[in-house]
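Only one chain is included here, represented as C-alpha cells and corresponding to the form predicted alone.
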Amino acid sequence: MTRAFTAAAAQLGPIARNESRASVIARMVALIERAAAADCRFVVFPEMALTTFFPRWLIEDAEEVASFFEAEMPGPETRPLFEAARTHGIGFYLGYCERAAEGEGADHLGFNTSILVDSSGVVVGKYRKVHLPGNAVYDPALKLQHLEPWYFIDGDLGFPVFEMLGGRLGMLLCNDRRWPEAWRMLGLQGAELVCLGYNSPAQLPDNPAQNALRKMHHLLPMQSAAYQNGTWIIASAKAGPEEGCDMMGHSCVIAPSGELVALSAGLGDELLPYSIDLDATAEYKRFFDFKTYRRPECYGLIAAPHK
C-alpha cells in the first residue's frame, strides 16, 4: 500500500496589526481551495498564522494582547477554516497563540502553539514551542525587538509524534529548527514528516553582518536534520514586509535525503505543493539505524544543564 500523497507549504504574506481574524481566515481558506485543486491531502500553515507577529512590540494594552490569543480551537472565528478543510478532505498544521488555561500561566497569557488537524477537521495533536528566542524584557537599545519570552510560556508538552496520513508526524516552531536536539527527539520516535511554521526576519538590524547568511542559516539546519533523521520537512513562512519588518519567506519542502526539493517563489500568499512519499524515509532510517549505531552512554553532556 502506497504512502504517497501531495502536501503543500501554505505560505502567508504580511498580516497587518489591525487585520481582522475573518480576513486572515479568508486568505487561508483560499489556500485550502487552491490545495484542493492541486489534489493536496495536507497543508502546512505558518507559525502564529492568524495574526501579525506582535512580539516585535512591547504592547501595554492588555486587551490588544489578549486579542492575539485563541481561547479554543476551533473557535467561532477559526471554524470556517476547519469547515473548508473538512469539505475538501484536507488535513493541516496550524500555528497560533494559545490562551493558557487557568493555573498554567503566571504573568504570561499563553503558549506559542501548533496543532495537527486531520481531514475530518479533528485536532489530533498539539505542540507548544520549546525554544523561545529573544528577550524576556524590553531592551530600548535593540533596533528590532523579539519578545517571545515576555509573552509566552515555555512549551511543556515535549516533542510528541502523532499517527496521521498513514505515517508518523511531528511538529516544531520557528527557532526550534536551529536546535539539533529537537529534531533528534522526533527522529528517535520515528517521525517521517515534520511540519514547521516560522516568522523570521530577513535582516537583523542589530547584527547586519549576518544578513547575507540569513536564508542559508534558515535552510542549513533543516537539510541536515532531514538527512540525519530520515524525515521529510515542510516549512511554511510568514513572508514579506509586515509592519516595518521584512519577513524572510523561503517556505520549502526538504526530502529525507536532505535535498531542497521545493522553494517558494515570492513573499505573498503562496501554495507550494509537492508529492510526498513517506516510504522514501526508510532508506535513510536504515542507513543511520539508531538502535545499532547510536551510543547514548557517550552523550550525557548533551542533556546535562549548561554550566
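In case it trips you up, residue 1 is the first one in the sequence shown, and so on. Remember, predicted model here, so these are calculated numbers, not experimental data.
Separately, the form predicted in complex with a small molecule exists; it is not shown, and the next lines address it.
Shown alone, this chain has one stretch from 188 to 196, 72 to 80, 140 to 148, 93 to 101 that lies within 4.5 Å of the small molecule in the predicted complex by heavy atoms: 140 to 148. A single residue from the set P221, G155, P201, G167 has any heavy atom within 4.5 angstroms of the small molecule in the predicted complex; that residue is P201.
Residue in contact with the small molecule in the predicted complex (any heavy atom within 4.5 Å), chosen from R86, R178, R184, K126: R178. Contact check for F53: a heavy atom falls within 4.5 Å of the small molecule in the predicted complex.
Although the partner is absent from this view, R214 contacts the small molecule in the predicted complex, with a non-hydrogen atom inside 4.5 angstroms. When contacts are judged by a 4.5 Å heavy atom cut-off, A225 does not count as touching the small molecule in the predicted complex. The small molecule is not shown here, and in the predicted complex it never comes within 4.5 Å of any heavy atom of P208.
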